[in-house]
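A lone chain, given as structure tokens: the form predicted alone.
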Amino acid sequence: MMMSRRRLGSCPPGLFGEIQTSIRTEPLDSLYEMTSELGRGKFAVVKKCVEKATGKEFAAKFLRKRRRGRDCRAEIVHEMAVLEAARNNPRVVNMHAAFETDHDIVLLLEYAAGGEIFDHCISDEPLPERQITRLLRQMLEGVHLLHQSSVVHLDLKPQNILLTSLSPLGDIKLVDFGLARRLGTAGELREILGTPEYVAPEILNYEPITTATDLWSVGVIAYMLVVGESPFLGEDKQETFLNVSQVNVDYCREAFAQVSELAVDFIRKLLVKAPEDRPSAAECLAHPWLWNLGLETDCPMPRTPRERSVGKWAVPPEDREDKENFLDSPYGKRVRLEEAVSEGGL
């Protein structure tokens, strides 16, 4: 059977170049067997699948081509282009192939069997610090390589960091590059995008985005891994924004009773309002906490629920594939935060 392929074209101006991956149009189910659903959002579904010819497992990400009556091919091309640009980054999920159906573009991605590190952030049994620092080192390695190519992820959160295996705990893979941008292509980058509780203050203030914007999110993730709750999540989005803009972080002794002083120092250095005061990914990798071989190897004590965290995880986590965190489309729009909220984006 002759293979049919299709080019999708170029990314939105100023972001990434034309994609190299050809879009295959033969029936997906003739080559792959869908076995289970891994995640679902407003405009995307991720399914586990097995290649019939080889038995290899993949994650099939079905991205709807039209959303709310709008053609969203450019956004899909954008995500594909980022994955192509990061193909040599061992900490980024690999794209194996792409297919097109009547309604979707389907990305065949490397399957990460260990799931999201989000599960470890909210678990009653926290990971030992030795494991946390290993995961953070790997995360920073991936972020550093992205930043060396002037690429910022802009949606780093525990739901977008996967593990290659669960037991033993595997290595991390960064996913979901729908909001990623390349810096320096058209002057300063200013956009309101991201996920509220992980977004940096400069995003909320519509100030220039830099590589430091990703490092703020790394600090939030580090806090969640060691404490077991989000540092900024409020009762509603407005309270969350206020906590972020005021850098309202709880470093009380009770919260960090089982956490080393080096861990607190690492988090404090990242969760600072001025982007220029945050260390780079390379500087973070030199922090002594990440290389402290004397960290306790046994499992730490179970987390004790505190009043601050009551009800925070009572609602389901946000959709993994929902990229409408701030705007209907992140491309080329310049709106004030109040407008984004009134449109229901945040």
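Residues carry their position along the shown sequence, with the first being 1. Remember, it's a predicted structure, so these values are computed and weren't measured experimentally.
Not pictured, yet referred to below: the form predicted together with ligand ADP.
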query = Using a 4.5 Å heavy atom cut-off, which stretch among 104 to 112, 262 to 270, 240 to 248, 222 to 230 contacts ligand ADP in the predicted complex?
reply = 104 to 112
ask   = Is Lys61 a contact residue for ligand ADP in the predicted complex, using a 4.5 Å heavy atom cut-off?
value = yes
task = Give a yes/no on whether Asp176 approaches ligand ADP to within 4.5 Å in the predicted complex, heavy atoms considered.
result = yes
task = Classify Leu290 as contacting or not contacting ligand ADP in the predicted complex by the rule of any non-hydrogen atom within 4.5 angstroms, answering yes or no.
result = no
4.5 angstroms heavy atom contact with ligand ADP in the predicted complex for Glu191 = no
task = Could you tell me which one of Thr211, Asn89, Gln159, Gln138 places a heavy atom within 4.5 Å of ligand ADP in the predicted complex?
result = Gln159
note = From Glu100, Glu129, Glu202, Glu116: within 4.5 Å of ligand ADP in the predicted complex by heavy atoms is Glu116
task = Indicate whether the candidate residues Gly39, Val46 and Val93 are all in contact with ligand ADP in the predicted complex, with contact defined as any heavy atom within 4.5 Å.
result = yes
